[in-house]
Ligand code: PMP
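In structure tokens, the next block holds one chain alone, the form predicted alone.
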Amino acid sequence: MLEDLMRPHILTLESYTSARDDFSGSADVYLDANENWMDFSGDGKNRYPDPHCAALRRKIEEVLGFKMENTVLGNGSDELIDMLIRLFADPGKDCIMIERPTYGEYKVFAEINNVRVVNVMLSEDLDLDVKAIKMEIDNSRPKILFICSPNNPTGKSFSISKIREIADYNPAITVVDEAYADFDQSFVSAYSLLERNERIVVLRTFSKYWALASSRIGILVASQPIIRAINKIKAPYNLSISAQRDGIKALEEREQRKAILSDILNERARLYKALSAFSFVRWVYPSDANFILIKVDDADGLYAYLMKEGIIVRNRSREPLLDNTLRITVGSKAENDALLEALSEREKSLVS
């Protein structure tokens, strides 16, 4: 049973009940939540938001297909990662597993919660090493195994067959973070596996494709026992009314988002070709995300040069398997032109 994987005291926890849990619907007079009656902003921000984000979750089901009863929303995926670790991993006792290089917050939140982190390296071609992962599952018995697909910072999507094989083998929780899934047009979500494996959790975000990074909206998709447990431990009003409205508006404008996606994919292809032509670029990694990872002769030097030119990229050279690499987000055509022009000037200076 899923409950056997959870920390026992969570199962008996009596969660906080907010005023908006006691009453839902509409009324003429609200005197239950100790709010200020004056709506200075004129758009209802003096009132607490729906703690369960029902309207936004209903819209997510309509547009993205994730059933409402299988979702809970967080203040970005980061909050959801933290809650999953708190739900399943006992501090000072349990561990989580990550495949490096990958998104750094899995490790940070585990360490904040005094949960040990077990690392398994990706293969030389930056794919999942299924055999090594299975061996470490047997050795360490992690409570949660995190897989980021498409992976950050490599940009590589992992095959759904490998994810299924790992998740079926793992007796604990497998979390598949699909933050960049919308940029891979052939992507198959791990949500398709949830019906046959209730230990799978899928994470999505509004920060990337939906262009709402500052609104902080993360989506957790899981079986209902996990959803019920997460709702026990999450903060009652963790998503503001502004964020909920932003999410609904973005989903209603999905056709405009699709148009921008086409631009991003075209620019990604243009950048891939252009970056490959510079003499100081040793390798351009294929990407299924909205960024490109490149291997260069001197990442520190190139990073400093671009920063001096007013262009900020991400130096990923401290990650295993990624020495002398820079991660470059696919920007607008004008932003990408500025990057390529700066790199062209760098090329000229090296030749001369």
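Numbers follow the displayed sequence, beginning with 1. Given the structure is predicted, the values throughout are model-derived calculations rather than measurements.
From this point on, the text means the form predicted together with the named molecule, which you will not see here.
- Each of C148, A179 and R216 comes within 4.5 Å of the named molecule in the model of the complex, counting any heavy atom.
- In plain terms, the part of the chain that comes close to the named molecule in the model of the complex, with a heavy atom within 4.5 Å, is 71-79 out of 221-229, 71-79, 263-271, 244-252.
- Contact with the named molecule in the model of the complex, defined as a heavy atom within 4.5 Å, holds for exactly one of K143, K156, K234, K208, namely K208.
- Comment: the named molecule is not present in this chain, but in the model of the complex one of Y169, Y103, F278, F187 has a heavy atom within 4.5 Å of it, namely Y103.
- For the chain shown alone, N152 is a contact residue for the named molecule in the model of the complex, at least one non-hydrogen atom being within 4.5 angstroms.
- In the model of the complex, the named molecule lies beyond 4.5 angstroms of every heavy atom of every residue of 323-345.
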